[in-house]
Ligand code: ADP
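First, one chain by itself in structure tokens, the form predicted alone.
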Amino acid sequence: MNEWDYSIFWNEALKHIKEEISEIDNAMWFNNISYEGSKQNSIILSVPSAFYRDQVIQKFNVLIHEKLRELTGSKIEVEFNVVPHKETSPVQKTITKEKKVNAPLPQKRNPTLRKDYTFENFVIGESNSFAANACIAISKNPGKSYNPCLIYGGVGLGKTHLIQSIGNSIEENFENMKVVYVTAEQFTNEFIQQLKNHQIHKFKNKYRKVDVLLIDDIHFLENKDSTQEELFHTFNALYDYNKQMVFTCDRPVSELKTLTDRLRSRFERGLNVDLQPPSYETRSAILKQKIESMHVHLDDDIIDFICKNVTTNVRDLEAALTKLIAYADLLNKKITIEIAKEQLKDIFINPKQGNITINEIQRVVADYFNLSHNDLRGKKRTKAIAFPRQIAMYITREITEYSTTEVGIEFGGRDHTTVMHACQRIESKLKLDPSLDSIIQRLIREIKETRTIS
């Protein structure tokens, strides 16, 4: 027997993993993993494709390593060998192993930046052209123009892709510039840890002596007064020396309720650009680029079907594509439009994934309260109309990705602060009147039921 035989540990780990994941995940991902062998402190597993390997690593890598460490008491590495099915998969792959013909990456590459987040593979359309071109301009002339820059928009619209593309481009073209990318959560946790260790000077040295500071998701800073104070001073130190700063947020900074006024004014001092949900043409271009990069094939009618039904963001497009490719890869079947409709129906039913419009929400709420559609969009502020209007605004924010600005426009051109106030009123009423929640849930169910898939 191999001196380093870990098959017993792997089989036991597999039992533990299966107890913690769903039957669907087990059937889809773990039933096709085979123990192949082992060597010192390493287990070798075989998987049917490179796509399969990448998905397992992305979804379950941490869980696998945790279970192996619990069972062995030491760190066990996991290696994956791609062993294709004997039959050719209908999802035509042009490669099954990682190609190594590209030039090697620089040895000092920034580990916090994803190498695939570049301007070259960011699809520019009408909804994001202003933001994308601003970021490209920043990367060519950091610290000189558009400083600071704030990119805001809903989830999955490309904020992280753009901000990291700036970092990658600057590192490639400005060899001596120090670039730091961090999420606001990481920034906060690091600040707290250094305070605890009485080493705040290290924290200040790290962030105040950079040439480019990229901070993702600043909405995380809400209600964190000490971290906001530190970022304020960091901002001033960098700004005084013309160091480039770029931030992202899931909404305009004016909508961050507990952000200090002086920090808010710093974010608003420079260029603020927003990202909107991509148009059909942009969604189609994004999907085709993803398909090409994954070396697979989908018929145009399937691409059209996905693009018509996923209108929210890029992340949801990728989720739909990943599910179809996994289905074809694991079951060795060609994807047809019928299979696509069947496999994606659950994704499309999710209210934040589908085509729910503000108009549909207004119609259902108006019907329930025996009002006209125009009453909710009009200027009347009587209680009989104002309260249903507030409910409609609240539901819109709950089940869609529309910003408060977009919601306000659809409700008679109202200001985004009016929408925020309406949502706060309903939240307060829900705490005092439990019956209101049942009404809202009933309306949400009706809105979802009236929605149809294209």
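Just so it is clear, the structure is predicted and the values come from calculations on it, not from any experiment. Just count from 1 along the sequence shown to find any residue number.
Note that the form predicted in complex with the ligand isn't included here; everything after this is about it.
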{"query": "Options 170-178, 378-386, 151-159, 201-209; stretch whose heavy atom lies within 4.5 Å of the ligand in the predicted complex", "finding": "151-159"}
{"query": "Check all three, Y6, W10 and H65, heavy atom within 4.5 Å of the ligand in the predicted complex", "finding": "no"}
{"query": "V182 within 4.5 Å of the ligand in the predicted complex, heavy atoms", "finding": "no"}
{"query": "4.5 Å heavy atom contact, K290 to the ligand in the predicted complex", "finding": "yes"}
{"query": "I76 within 4.5 Å of the ligand in the predicted complex, heavy atoms", "finding": "no"}
{"query": "Interface membership of I356, the ligand in the predicted complex, 4.5 Å heavy atom rule", "finding": "no"}
{"query": "Among the candidates I302, V314, L344, M245, the residue which, in the predicted complex, approaches the ligand to within 4.5 Å (heavy atoms)", "finding": "V314"}
{"query": "Contact residue in the predicted complex, from E360, E318, E230, E255 (heavy atom within 4.5 Å of the ligand)", "finding": "E318"}
{"query": "Sequence-ordered list of residues in 116-149 near the ligand in the predicted complex, where near means a heavy atom within 4.5 Å", "finding": "Y117, N121, F122, V123, N128"}
